[in-house]
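Below sits a lone chain in structure tokens, taken as the form predicted on its own.
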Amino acid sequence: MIEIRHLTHTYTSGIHKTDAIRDVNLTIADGELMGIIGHTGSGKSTLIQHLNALLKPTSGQVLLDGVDIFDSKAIALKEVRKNVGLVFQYPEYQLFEETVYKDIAFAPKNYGCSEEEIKERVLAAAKTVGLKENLLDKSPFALSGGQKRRVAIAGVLAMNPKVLVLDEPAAGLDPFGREKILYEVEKIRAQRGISVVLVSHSMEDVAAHADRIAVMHDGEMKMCGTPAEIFAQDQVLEEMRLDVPQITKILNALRKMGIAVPEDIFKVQEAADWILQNVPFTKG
């Protein structure tokens, strides 16, 4: 479990100070998929870089299983980054080894794993993200954008983290590639029982995949709740220059017409199936 307590990070440039995030509080439960949304500049990326100590807070705490990750006497930085894996937006820029195998093996090798264990971890991580073994000897730079994402995520999974943090993992991919990546994320969580933090600007993505959603705006956490609770606040979201998923707009319109649409439908196919079964259609 991750607990974020009164977290503030201030950037200083000369005499000017800017709070990138201010007094943020959030708990991410074991095994939970937490979505984080917000407009560009809202503080999302700054927030998640504190989760594995890439950034140090100006004030506040981040606790992993009750231990302050910035307390060097309580936990080593190496252990923090082993347990909390962070994949940046456009993770293909993180790739650097000459083969896919070596790229995935980099972290466990540096953590002192034996060659046998490294091989087991590489093969397990590759399988988890849907990379075929015949790709392991190829250069990661010869792969498609979606495959590169999988390699980057596999490199983090090879550390066997407790928490996987993904910053816009589907950015720049076509709709099919987006859905495949997010499907792999869901599969990873189910198979490994880890917590996932998914940062996205796509309301559809977080609505369809997150257990809870935290909303960042101007460096502050304005709301946190289930998708139903968050997207019921459509006017508040619009004031933050955010929007609700298109399918949610359609279902909300049906509710205003007096049709009792369940509150837990956020996926397009689920909505289509429910509408076809429950909404009467007339000709003409």
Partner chain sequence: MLKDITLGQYFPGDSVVHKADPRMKILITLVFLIGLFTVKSWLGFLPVLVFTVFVIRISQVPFWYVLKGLKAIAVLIAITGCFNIFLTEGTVWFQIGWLKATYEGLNLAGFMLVRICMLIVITSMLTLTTTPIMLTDGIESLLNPLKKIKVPVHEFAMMMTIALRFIPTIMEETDKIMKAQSARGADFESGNLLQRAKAMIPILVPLFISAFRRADELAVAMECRCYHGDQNRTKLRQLHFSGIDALAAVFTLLVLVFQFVIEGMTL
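Just so you know, these numbers come straight off a predicted model, no measurement behind them. Residue numbers count along the first chain shown, from 1.
Beyond the structure shown, there is the form predicted in complex with its partner chain, which is absent from this document and is the topic of what follows.
Shown here without its partner, the chain carries M221, F231 and Q233, none of which come within 4.5 Å of its partner chain in the predicted bound form through any heavy atom. Partner proximity in the predicted bound form, defined as non-hydrogen atoms within 4.5 angstroms of its partner chain, places exactly one of 129 to 137, 76 to 84, 115 to 123, 182 to 190 at the interface: 76 to 84. For the candidate set L26, L63, M34, L55, a heavy atom within 4.5 Å of its partner chain in the predicted bound form is found for exactly one residue, namely L55.
Of the residues V199, A210, I194, M159, just one reaches its partner chain in the predicted bound form with a heavy atom at 4.5 Å or closer; this is M159. In the predicted bound form, V163 stays away from its partner chain, with no heavy atom inside 4.5 Å. Heavy atoms of P169 never reach within 4.5 Å of its partner chain in the predicted bound form, leaving it off the interface. In the predicted bound form, its partner chain sits within 4.5 Å of a heavy atom of Q89.
Contact check for N110: a heavy atom falls within 4.5 Å of its partner chain in the predicted bound form.
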